[in-house]
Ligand code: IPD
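As a starting point, one isolated chain is supplied in structure tokens, in the form predicted alone.
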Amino acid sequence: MTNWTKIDQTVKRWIQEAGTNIRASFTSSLTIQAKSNPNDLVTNVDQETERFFIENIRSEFPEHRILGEEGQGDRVQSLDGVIWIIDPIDGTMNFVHQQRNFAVSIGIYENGIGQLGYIYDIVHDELYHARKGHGAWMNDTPLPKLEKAPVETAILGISATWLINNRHFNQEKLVQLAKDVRGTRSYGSAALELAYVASGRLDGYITMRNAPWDFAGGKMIVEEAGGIVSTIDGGEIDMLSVNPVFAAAPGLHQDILKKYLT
């Protein structure tokens, strides 16, 4: 039987250590490379941080599998067993240019069911975390269950990318939604925006393309805070594929889904 208490305590210790190492890198020169396009960046710190987690997981929990953004983990093709889904630095562009608005994101799933989720805002020392059935927390403070927010008073996390002509979705629907809500924000880190939904800093978050490491930790935390995470048509998220993701407080999720997204 999986000892989730032990895993939870271990992950929190590793995350703090990784955070210390990343903060120490602020005064060092970065090695920066582009991956799929010039705006899809990876640094030596991303790679070193992922390697740090992988080496520790393989040593402490050798039977677990790892899906990591930088490709140093396993070739995960099924959700069987315990899988760690890791983004060592979500928001690498922010990390490179701003040294803020980025986070370590980890989701741990067992047979496809989220068991533990972590998003660590290193600069502000805010660790959002959740365990299945135990609620969501920010550091040592439990997050209150999310309550319905009307569309007209909602703050929505959405990138301007999805409000102009794109091949993924009819932007006119999203433009109308952006007009109807109280305000929109874009932080450049899916993990942080999901953490902000869980904590009530945002009422909802919409994107057309998130990879598993972008949303694995945040999905778990939002759901434990009482929110709903789905595709933009209300379907189930595929934990092994790129998805359009819609996360929001209850009630608001249904209202936006019905009026703007379907």
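Just so it is clear, the structure is predicted and the values come from calculations on it, not from any experiment. Start at 1 with the first residue shown and count on from there.
What comes next is about the form predicted in complex with the ligand, which is not displayed.
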Per-stretch contact check against the ligand in the model of the complex, the hit in 204 to 212, 58 to 66, 23 to 31, 225 to 233 (non-hydrogen atom, 4.5 angstroms): 204 to 212
Heavy atom within 4.5 Å of the ligand in the model of the complex - residue from 89, 130, 106, 83: 89
Partner-contacting position among 136, 190, 156, 116 - heavy atom within 4.5 Å of the ligand in the model of the complex: 190
